[in-house]
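The chain below stands alone, shown as structure tokens; this is the form predicted on its own.
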């Protein structure tokens, strides 16, 4: 049996201890990067509360990503995440930021200046994204720049706390340890990291409170607003004439969105309006308080500008609005469409008389007829509900004498011009989806 000397045991234990120390330093370095990233966001949010909330790096970078996302990918996000698409994007940005921060923290463990410089690069990206937004201004760069500078200093400080202290190393025969092979003072690191995290949390909380105060002021202004008695249920608004070269109204929102609307559609007698209220109350914030544009008969991307800031009369040749720059059509009248709301897809109703019902719409033209068919058979005319106006959706129902088995229901609508909804299925780009809506059910 081999005999292991005391010196050999000390050497082996020293090597194992050195490995554990390196892994611990790497883990703490990654944590340092995360703390620095948290510090950057918190300080940036505080500065953004003073400059304007839209200038924050997450909002700015998120907006820049949305601007450059292909339409097909946007459609996928809307289909799968609905109104939570922006939240999912922001969470994705934060997740990528966390990974980046950990990598930068490990880099700073060996190259403190290089790691801190990488944090500054992140700040430059946020600043460029903020200035490059449609409503961007030079001052919007401040939140990202200030946040990155503070975070770079925090990372440099924390990485310094992870530097090993020279000491005797058994592996080196009792000589002073070479750089990177000693132990570090964990207590000093924990104190510094805790202080940085606490200060960051305080800055972030203060920023949130300042932003909330601004939002509270907006809520108070909405609460104090008294709507006048309308002259009619929906009075049209006509833009001022500027001569013969003008065929587009460009509406701009406070967040930089631009919506282009055909002048001809606004002035043809439909109830185009600047809406201040809804259901007898001031507009909710999510619907565009204090004022938004509404033009019946046009898809929202060419008619429904929220949080309206200004309106410009121009031409389609002179200016392309936000969505037109992204391959959507300039003019987008709502197509004649219909859908089945009941029975639901893959439902299992009992055989017998089953009401098949839904809605149809052809804004500014009105619905004349809705038809339903089963398994590709003859079309059956549905019963229509009363029509409030040609700009509203119209309910319909057809009593189906259902038999047992698997069946496919389809619906189509015809508007008051005599045009029947097309069977051809296309996506939303460039000017709205088409195709007959269908539902598969299993009747027992």
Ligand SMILES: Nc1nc2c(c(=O)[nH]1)N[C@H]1C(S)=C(S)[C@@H](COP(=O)(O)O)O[C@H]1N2
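Residue numbers count along the first chain shown, from 1. Computed from a prediction, not measured in an experiment: that's the story for all the values here.
Same protein, other form: the form predicted in complex with this ligand, not shown, and the subject of what follows.
With this ligand omitted here, the record of contacts in the predicted complex names 283-291 of 342-350, 187-195, 283-291, 141-149, defined by a heavy atom within 4.5 Å.
Although the partner is absent here, residue 361 lies well away from this ligand in the predicted complex, with no heavy atom inside 4.5 Å. Although the partner is absent here, residue 300 lies within 4.5 Å of this ligand in the predicted complex, judged by heavy atoms. Using a 4.5 angstroms limit between non-hydrogen atoms, residue 305 touches this ligand in the predicted complex. Residue contact check for residue 118: none of its heavy atoms lie within 4.5 Å of this ligand in the predicted complex. For the candidate set 253, 338, 248, 200, a heavy atom within 4.5 Å of this ligand in the predicted complex is found for exactly one residue, namely 253. Checked against this ligand in the predicted complex, the residues 275, 257, 263, 125 give one hit for a heavy atom within 4.5 Å, which is 257.
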